[in-house]
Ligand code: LER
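The chain that follows stands alone, in the form predicted on its own, written as C-alpha cells.
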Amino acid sequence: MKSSIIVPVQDPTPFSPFSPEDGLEINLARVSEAGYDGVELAITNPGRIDIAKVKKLLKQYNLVMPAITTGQAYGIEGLSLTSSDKEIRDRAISRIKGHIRLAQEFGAVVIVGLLRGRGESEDAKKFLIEALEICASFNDEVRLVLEPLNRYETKLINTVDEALEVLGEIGRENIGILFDTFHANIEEISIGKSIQKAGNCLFHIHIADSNRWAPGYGHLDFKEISEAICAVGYKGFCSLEALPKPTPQKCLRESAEYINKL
C-alpha cells in the first residue's frame, strides 16, 4: 500500500493541510519530507497547468501523481455532469476531457466525485451514464474512478453497490471505483465487505477517519480496512483526504506514518 495526499493547485480545499497560495514547490517539498510516496493534485482547470513544471517538481521530490481530483470545478464553477442544463453538462464533459489529457501525462486516474452533481434531476442517473461513456471512450488508456459519496453531499451513487450497477451499464474496463473510508462509514453496512465487493474495480482509495480527521482520531477500524484492501489484491495508493486536524502539521505527518504502517 502506497501513501499520497491531496494538494490543491489553483483553489483551496478544506480537505488538505495545504494552501495553493504557498506554491506547488513548497507544498511538494513538505509532502516528500513527511514521507509520502505520491501526491493527488486537486485541479480546477487542467488547461492552466504547466505540465513540464509539474513533472520536474515531482521528479525533484521523488513523488508520483496517482490521481487528479476534479470536484472544485463543481464547487467553484458549478459544472455538473448531470445538470438539467445541457450546456453545463457539455462544459463539464469538456472539463473532464481536459483532466484526462493531463492524467495521461502522469499515469494518473481521474476522479469523478462531486463533479457528477447532487443528483437532483429526475434524469441524473441517465445523464451520468451518458457522460461517463463519453469520457471513458475519449481515451481508453486513462482510467476514470467513480466515487460513492454520502447522502448529505449527493443523492446520486452513495454506495459501492450503486457504483457497480453504473459500471455494469457502461461496460468499459477503464472505469472503476474510488473507495473513500469517510463516506463508506456513513453509507456502507460493512466497510470491509464493501471493499471486497469492489474487488478488481477498486482503482483508488481515499483515507480519512469517521470524523473526517486524520486516521486514528475517529472510530474506524483501519486494521479491518487494510486487511480487506490486501484481500482484494489492491496495490495502488491510499490518498489522505481529511480535514487538517488536530493541526495541519499533525495531520500531514501522523497520517503518512499511519498509512505506511497499514
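Note that this is a predicted model, so its numbers are computed, not measured. Quick note: we count residues from 1 along the sequence shown, nothing fancier.
Keep in mind that the form predicted together with L-Erythrulose (LER) is missing from the display, and what follows is about it.
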Exercise for the section: Indicate whether L-Erythrulose (LER) has at least one heavy atom within 4.5 Å of a heavy atom of residue 114 in the predicted complex. Expected result: yes
Practice task
Examine residue 183 and determine whether its closest non-hydrogen atom to L-Erythrulose (LER) in the predicted complex is within 4.5 angstroms.
Solution key: yes
Practice task
Decide whether residue 30 counts as a contact residue for L-Erythrulose (LER) in the predicted complex under a heavy atom distance cut-off of 4.5 Å.
Solution key: no
Exercise for the section: Using the partner position in the predicted complex, report whether residue 153 sits within 4.5 Å of L-Erythrulose (LER), counting heavy atoms only. Expected result: yes
Practice task
Tell me, please, which stretch of 54 to 62, 231 to 239, 22 to 30, 205 to 213 lies within 4.5 angstroms of L-Erythrulose (LER) in the predicted complex when heavy atoms are compared?
Solution key: 205 to 213
Completion exercise
Of 149, 146, 103, 135, the only residue with a heavy atom within 4.5 Å of L-Erythrulose (LER) in the predicted complex is 149
Exercise for the section: Could you run down 243 to 262 and flag each residue that has a heavy atom within 4.5 Å of L-Erythrulose (LER) in the predicted complex? Expected result: none
